[in-house]
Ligand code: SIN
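First, one chain by itself: the form predicted on its own, in structure tokens.
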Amino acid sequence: MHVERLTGVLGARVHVGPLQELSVDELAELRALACEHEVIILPGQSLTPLEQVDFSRRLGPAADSPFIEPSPDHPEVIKVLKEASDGNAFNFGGAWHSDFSFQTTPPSFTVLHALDIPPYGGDTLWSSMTAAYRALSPQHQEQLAPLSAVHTARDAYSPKMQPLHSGLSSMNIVCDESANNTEIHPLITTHAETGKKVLFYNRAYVRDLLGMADEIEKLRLMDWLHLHTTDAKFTVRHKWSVGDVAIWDNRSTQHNALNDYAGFRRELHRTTVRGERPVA
């Protein structure tokens, strides 16, 4: 495998043969690269939905994907699709988030395969939450360590959000009351495979912090956490090409799909790999 780093913080382009032909040792090496670089781009791939499912299963069992109706022929595949006719409709994934962090066991990896890409726009950004943690002063790290975050999908997939998602003509996103459920995770987590400390925060799903009595200070801290974890110095931006496969580690990153390609079609296929419960 030939590895090219994309920034000094996170991201790498990995040139490798067809993913469906990787040996056990090559797959282990690729997984280690995904954990080390947090997001890896594999150009020039050509995967059928079934081949993508098989590859994802080699990384681990499939994760549950609530609210989003999968491909009818491949229940583990989500078509991330915006038609040219959808215009300025909301872009799926178009806010800083870590996939399904509101679950008890959020996904470990996401695999995204580019099939139809606009001539410009539709880039994806990732930020490193390990780099965001390392940038904190020792005193700040100590102050945040006892806190827990309340994750919920209420402002993404509760019934009040249905009109937003219904603007996508080719994705069926069904909002329901279960989105109001909450899950508590430590604010500072330890990565299950690398042992690195992670500032496990994203504004899309974190709606409260436990361990702070002053409500005003809490809201200020949450605003600051969003700005800090998405600071440009912790990010990488990828311009998609047809055939690209991105694999990223949801345990140590958050991401944002840009919605700047109105009038063009964009289709990618997504699979997710089940993770483990985040631990302090």
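Start at 1 with the first residue shown and count on from there. Everything quoted here is computed from the prediction, not taken from an experiment.
The same protein also exists as the form predicted in complex with the ligand; that form is not shown, yet it is the one meant from here on.
Visitor: Among 185-193, 128-136, 146-154, 96-104, which stretch has residues with heavy atoms no more than 4.5 Å from the ligand in the predicted bound form?
Guide: Looking at the other structure, the answer is 96-104.
Visitor: Suppose contact means a heavy atom within 4.5 Å; in the predicted bound form, does that hold for all of K197, F200 and F234 with the ligand?
Guide: Checking in the predicted bound form: none of K197, F200 and F234 is within 4.5 Å of the ligand.
Visitor: In the predicted bound form, is there a heavy atom of the ligand that lies within 4.5 Å of any heavy atom of V16, even though the partner is absent here?
Guide: Contact check for V16: no, nothing within 4.5 Å of the ligand in the predicted bound form.
Visitor: When the contact criterion is heavy atoms within 4.5 Å, does W240 count as touching the ligand in the predicted bound form?
Guide: It does: once the ligand is placed as it appears in the predicted bound form, W240 has a heavy atom within 4.5 Å of it.
Visitor: If you check in the predicted bound form, is T124 within 4.5 Å of the ligand, heavy atoms only?
Guide: Yes, T124 lies within 4.5 Å of the ligand in the predicted bound form.
Visitor: Does any part of F92 reach within 4.5 Å of the ligand in the predicted bound form? Heavy atoms only, please.
Guide: F92: contacts the ligand in the predicted bound form.
Visitor: Can you tell me which bits of 239-261 touch the ligand in the predicted bound form, meaning any heavy atom within 4.5 Å?
Guide: If the 4.5 Å heavy-atom criterion is applied to the ligand in the predicted bound form, 239-261 yields W240, W248, H255, A257.
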